[in-house]
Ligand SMILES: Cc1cc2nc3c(=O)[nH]c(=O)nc-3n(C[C@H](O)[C@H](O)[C@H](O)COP(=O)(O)OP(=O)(O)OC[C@H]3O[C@@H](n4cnc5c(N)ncnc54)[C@H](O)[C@@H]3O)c2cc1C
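Starting off, we have a lone chain in the form predicted on its own, written out as structure tokens.
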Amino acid sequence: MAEVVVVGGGYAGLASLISLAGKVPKSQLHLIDANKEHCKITNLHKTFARPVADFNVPYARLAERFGFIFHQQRLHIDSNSLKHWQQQKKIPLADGELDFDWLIVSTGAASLIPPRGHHVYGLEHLIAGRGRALLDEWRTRAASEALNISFVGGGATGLQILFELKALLRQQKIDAGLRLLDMNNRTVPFLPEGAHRYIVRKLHREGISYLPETEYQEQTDACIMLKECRSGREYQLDSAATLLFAGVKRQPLSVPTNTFGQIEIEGELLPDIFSAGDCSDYAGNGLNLLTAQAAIRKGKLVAHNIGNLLAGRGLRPYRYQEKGYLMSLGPIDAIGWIGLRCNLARGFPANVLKEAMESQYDLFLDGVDTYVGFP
């Protein structure tokens, strides 16, 4: 029986495990992750209103459903350890070594600028379930003082959280000013220009200050320190808190990966170690963005190729192309594109499509694979 070990239980890691469980039943599957639960991070913008537990799934439950063994442990991974594991075909665990025939590294991504200091928050705090407590704190403070909250980063994550929070503040009659700071000269640079214009108009309608080409320096107890990118002028604004979403980077390292999903370190192929998800930097022309869509497709590809190796067939290259991208702009609004980048979707219809995409992943975790096409 083939032994397959997956390190990292995010979107890519689970896509690999679920696909292997269905297509390669005569295998022993293992998942290694430092956490007890899988977090559906594309839903974190909703955690100011709902408990984060609504978007977490215990690995123990998934292990029972799909027949893998879960090991809760944090592994140190670098180029040398990957080469050593390839040579030894073993993973060191706290309770002994774990043999493998194939290894899949899918450790994901981490914040580009980690949130440090008082009143500075990031994805880590939302994953830990701090959203509702922060909202309660801001409600109390807004009752006795002028309250301004700063958002850093004009990407999809920051914007989704910004507009969700704005809707909650209005609903709960919390008087707080919001501002968006971004080092770029436009929001969501990976989306068509029309999406940026739609977002800027909504920022204006909602009374949210927009400061493009502005660099975040630090948040103090009551102020945020900023720097204009063009002039270099430094200044400060009143700010009770900063929510820092300046982008993500591959962690713990950017894993160079060939077009079949196998890791290559300094030109050396590690034929039995695959990589998938945000940590993997794929060769070729397939979608290589740090998104859930790319992570799931990479995870399904490496599972397919491991199945091919077991059956004595050749490997298939990663050629998946983006079919569209949608991001939420509050409870009933969204923006993005479907099919072709020129086909802009906006407003309530786009929001319905966005929620359908989230439901598709929920079905996947329940064992119903509706991700059509290859991989």
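What you see is a predicted model, and the numbers here were worked out from it, not measured in a lab. Note that residue numbering follows the sequence shown and begins at 1.
Although not depicted, the form predicted in complex with this ligand is the subject of the following passage.
Not one of 152, 176 and 200 comes within 4.5 Å of this ligand in the predicted complex, counting any heavy atom.
Taking the partner from elsewhere, residue 4 is found to have every heavy atom lying beyond 4.5 Å of this ligand in the predicted complex.
Although the partner is absent here, residue 334 is not a contact residue: none of its heavy atoms lies within 4.5 angstroms of this ligand in the predicted complex. Residue 123 belongs to the set of residues with a heavy atom inside 4.5 Å of this ligand in the predicted complex. Taking non-hydrogen atoms only, residue 225 never approaches this ligand to within 4.5 angstroms in the predicted complex. 44 is the sole member of 310, 344, 57, 44 with a non-hydrogen atom within 4.5 Å of this ligand in the predicted complex.
The contact with this ligand in the predicted complex, taken as any heavy atom within 4.5 Å, belongs to 73 out of 79, 73, 148, 184. Stretch 293-301 is the answer when you ask which of 293-301, 261-269, 226-234, 140-148 has residues with heavy atoms within 4.5 Å of this ligand in the predicted complex. Taking this ligand as positioned in the predicted complex, the residues of 9-25 that bring a heavy atom within 4.5 Å of it are, in sequence order, 9, 10, 11, 12, 13.
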